[in-house]
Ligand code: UTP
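Shown below, as C-alpha cells, is a lone chain in the form predicted alone; questions about how it binds or moves come after it.
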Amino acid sequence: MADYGKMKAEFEANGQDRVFAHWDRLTREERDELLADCEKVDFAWLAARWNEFTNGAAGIDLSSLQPAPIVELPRNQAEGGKDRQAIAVGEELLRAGKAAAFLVAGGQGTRLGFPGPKGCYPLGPVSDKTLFAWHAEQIRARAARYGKVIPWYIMTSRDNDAETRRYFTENGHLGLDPADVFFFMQDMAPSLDFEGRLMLASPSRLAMNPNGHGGSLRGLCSSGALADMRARGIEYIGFFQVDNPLVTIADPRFLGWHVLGGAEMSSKVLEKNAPGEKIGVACVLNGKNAVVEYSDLDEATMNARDATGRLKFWAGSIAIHIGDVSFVERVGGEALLPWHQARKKVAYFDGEKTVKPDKENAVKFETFVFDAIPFAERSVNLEVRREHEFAPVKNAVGVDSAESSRLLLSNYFGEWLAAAGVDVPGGAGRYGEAITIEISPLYSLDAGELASKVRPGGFLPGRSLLLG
C-alpha cells in the first residue's frame, strides 16, 4: 500500500490534497480504499485531459467525410453466393476453435429501475431469463454445433464486478465450464469538477467512472485475457454489449466476411431509421475507415442524400465488432485511442453526505472502441437486418426499452415459425403483437434449425409459446 505522507505530498504539489480532507475520521480499511484510488491517479494524464477540456474540443473536421464501403445484404443470386462463401469460411474457423466471444458488461440497471448488473436483468419474453443467460445459451448452442469451445471473456466494472461473479457462481456459470469464462474489471478514470478538482464519491473513494468501452482493448491486454486467448489458439475476438439480446454471437457470416476482406477490425451496420438516430455512422474520414458518433455530425451531413434519395450516411454502427487478436494487442497495448469528454451529473460527497446533483457538475473522460478502426490496415462494414440483430435494452419505457426488446425478439421468432410453415397469428412483421414467442438458442439457433424440428401447417393457439 502507498505511503500516506508521500501520497499526500504529491497531491498537495498538484493542488489536489482536498481528497484527504476526511482522513482523520476514516477507518483503516477506508484509508486503504482511498490510497488505492489515489495510486491510480496519473497527474500527467489528468493535466492533459484538463487542458483538452478547458481549451475546448476543436470538433471533427468533416470536410473529407465520405460514405464507407459496405458489404450490403445480398440482393441477387450472385451476391447470395458470396455470402454463402463467407459463411463457409466462418464455419471452418469456428470448427477450428479460432473465435472467442467478448462481452462488455460493466453497466448497472439503474435506468431500467433494476438494482444490479444490467446483465442480470430478466429479459426473456416468456421465461424472464436474464440477459447473461440469453447470451450464455447462444454460446453453448453454437459451441455444440461446431464441436469447439467458444471461450467467453466478460468485462465488468468496479460497481458490478463482485455481483456479476457471484451471479455466475450461484447459477452454475449458466451451463458453461468455469474455465471457459474469464472475468476482468474495466479500468476507471477520475472525474473532475468544472474547476479541475478531483471529487470524492464518499469520504474514502474518489469519484471515478469507467473509462469507456474503448478501455476494453487495454483491459484485454492488461488482464491476461489476450494471453489466455493465445494459449487457446484464438485468432478472432467478437465484441458485443450486454444490452442487445439479438446479437448473433460468433456469427460465421460476419467472421467469414472479416477474414475474406483481410480486415483487422470490422463492424456490423444497419440502415438508420432516421437521419438523427442516435447511433454512430460508418464512414471514411481522412482516407481511413471510421465511425463518427451521431453527436459529432452537423445537420447538413446528417440529412445529406445521394442521387437516389437515400441517406448519404445511412450505415449506422451498432457496437458489434470483430478484432484480430494481434490487432487488439497492438492498439490496446500502445493505448492509442483518443479521449472524449462529457459533461455529466456526478454524485459527490460534500463533507456531510453524498449529493446527487440535478444538473451537470463534472466532466468524465472516456474512450470509444470504434476509434480503433482507423488504426486497422483494412476494415469490413457488414450490413445486417435491424429486426434480426438489434434490440437494445437501454430505457425503462419507450424506444430501446425492455418492452420494445421483448417485442422484437418475439416477432423475430414468429418469422422463424412462419418460414417453417407454421400458421402464426398477427401477420408478417407483427407476430409479436399477437402472441409472445420465445425460442431458446439451445432449442434452435436459427430459422433453418427450427424448420427441421417443427411440423408445417400447425396453428399457434394461446397468448404465449416457449420452445426450449
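Position 1 is the first residue in the sequence shown; the rest follow in order. Fair warning: this is a prediction, and the values are worked out from it, not measured in the lab.
Below, we refer to the form predicted in complex with uridine 5'-triphosphate (UTP), which is not included among the displayed structures.
For the chain shown alone, residue 366 is a contact residue for uridine 5'-triphosphate (UTP) in the predicted bound form, at least one non-hydrogen atom being within 4.5 angstroms.
Within 4.5 Å of some heavy atom of uridine 5'-triphosphate (UTP) in the predicted bound form lies at least one heavy atom of residue 241. Remark: residue 394 counts among the residues lining uridine 5'-triphosphate (UTP) in the predicted bound form, judged by a heavy atom distance of 4.5 Å or less. Contact check for residue 301: every heavy atom lies farther than 4.5 Å from uridine 5'-triphosphate (UTP) in the predicted bound form.
Taking a 4.5 Å heavy atom cutoff to uridine 5'-triphosphate (UTP) in the predicted bound form, the contact residue among 109, 316, 190, 256 is 109. Contact with uridine 5'-triphosphate (UTP) in the predicted bound form, defined as a heavy atom within 4.5 Å, holds for exactly one of 125, 245, 332, 212, namely 212. With the partner left out here, uridine 5'-triphosphate (UTP) still marks one of 382 to 390, 98 to 106, 196 to 204, 352 to 360 in the predicted bound form; by a 4.5 Å heavy atom cut-off that stretch is 98 to 106. Contacts to uridine 5'-triphosphate (UTP) in the predicted bound form (heavy atom within 4.5 Å) from stretch 120 to 140: none.
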